[in-house]
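Just one chain is shown here, as structure tokens, and it is the form predicted alone.
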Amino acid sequence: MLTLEGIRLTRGDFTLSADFQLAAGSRTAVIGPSGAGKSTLFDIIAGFAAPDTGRVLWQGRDLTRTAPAGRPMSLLFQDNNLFPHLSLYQNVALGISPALKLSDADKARVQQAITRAGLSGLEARKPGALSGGQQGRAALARALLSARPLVMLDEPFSALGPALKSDMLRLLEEVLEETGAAMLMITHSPEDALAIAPQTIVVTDGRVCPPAETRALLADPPPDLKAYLG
């Protein structure tokens, strides 16, 4: 489904290289030290950065020069990408229409997603009036509505406590099951990787390793990953 073919990007004295494939519906964690290149990898896949060489392919179609909005993916980051001037309802509705032009059927779908995320009664609130967990649930509800085949998450739950993080991981798994989307998630937590990602990509010093089975990788990590995990 997603192929990074001979990717290489140099920024100053840092070079990222990647060459791997992800299958449709796969769930993959991305783990490695800060500054290793995880976010740069996401920038390339999402279209925020263009590689010096190589290609980003989606089902065989070359997306390397395609703008972010034209790529078949939803993005969730630690700050959840909610627009502060819009209500929770409007933020979720962006998953259907960037112009917020909704039919009656669309409105029903938005309300259903909000209810599913446990946010009923909060529709009129702005993001600043929501807790971190509520903001995360709103972002996941929007991803559910967008129904894009790849969900990319960059440490979306790192600021949450254990109980709330567990709830968010369960909701994410439900979203993935319902939509059939693939997942690519940056995390610093081996526990999160084990909880939701059967395979893991290790990134160290700009080297992006192909996906490996998560349990086996964490049971016997290579030296760089072992040093990072302590």
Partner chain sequence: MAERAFKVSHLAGAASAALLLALSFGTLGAVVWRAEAGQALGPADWAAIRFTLLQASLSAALSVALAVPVARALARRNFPGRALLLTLLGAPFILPVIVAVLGLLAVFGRSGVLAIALGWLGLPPVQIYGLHGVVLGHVFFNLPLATRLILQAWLEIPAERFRLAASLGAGPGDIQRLLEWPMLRAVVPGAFLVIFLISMTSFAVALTLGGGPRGTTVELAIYQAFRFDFDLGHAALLAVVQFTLAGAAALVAFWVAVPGAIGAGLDRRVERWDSRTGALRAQDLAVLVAVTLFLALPLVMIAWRGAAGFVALPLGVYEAALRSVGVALVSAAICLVMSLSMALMIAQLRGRGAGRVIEGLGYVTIAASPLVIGTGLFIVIFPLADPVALALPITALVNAATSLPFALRVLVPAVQQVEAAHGRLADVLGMTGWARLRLFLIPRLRRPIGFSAGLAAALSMGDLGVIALFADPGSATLPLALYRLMAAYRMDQAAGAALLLLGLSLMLFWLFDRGGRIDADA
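Residue numbers count along the first chain shown, from 1. Fair warning: this is a prediction, and the values are worked out from it, not measured in the lab.
The protein also exists as the form predicted in complex with its partner chain; that form is not presented, and the subsequent description refers to it.
Novice: Given that the partner is absent here, state which listed stretch (167-175, 186-194, 46-54, 201-209) has heavy atoms within 4.5 Å of its partner chain in the predicted complex.
Specialist: Stretch 46-54 is the one.
Novice: Which one of L102, L160, L86, L119 is close to its partner chain in the predicted complex, taking close to mean a heavy atom within 4.5 Å?
Specialist: Of L102, L160, L86, L119, the residue with a heavy atom within 4.5 Å of its partner chain in the predicted complex is L86.
Novice: Can you check whether R109 is within 4.5 Å of its partner chain in the predicted complex, heavy atom basis?
Specialist: No, R109 is distant from the partner.
Novice: Should R142 be counted as a contact of its partner chain in the predicted complex, where contact means heavy atoms within 4.5 Å?
Specialist: Looking in the predicted complex, residue contacts with its partner chain include R142, since a heavy atom lies within 4.5 Å.
Novice: Is N81 close enough to its partner chain in the predicted complex to count, meaning some heavy atom within 4.5 Å?
Specialist: Result yes; N81 sits at the interface with its partner chain in the predicted complex.
Novice: Can you check whether R65 is within 4.5 Å of its partner chain in the predicted complex, heavy atom basis?
Specialist: Within the cut-off, so yes.
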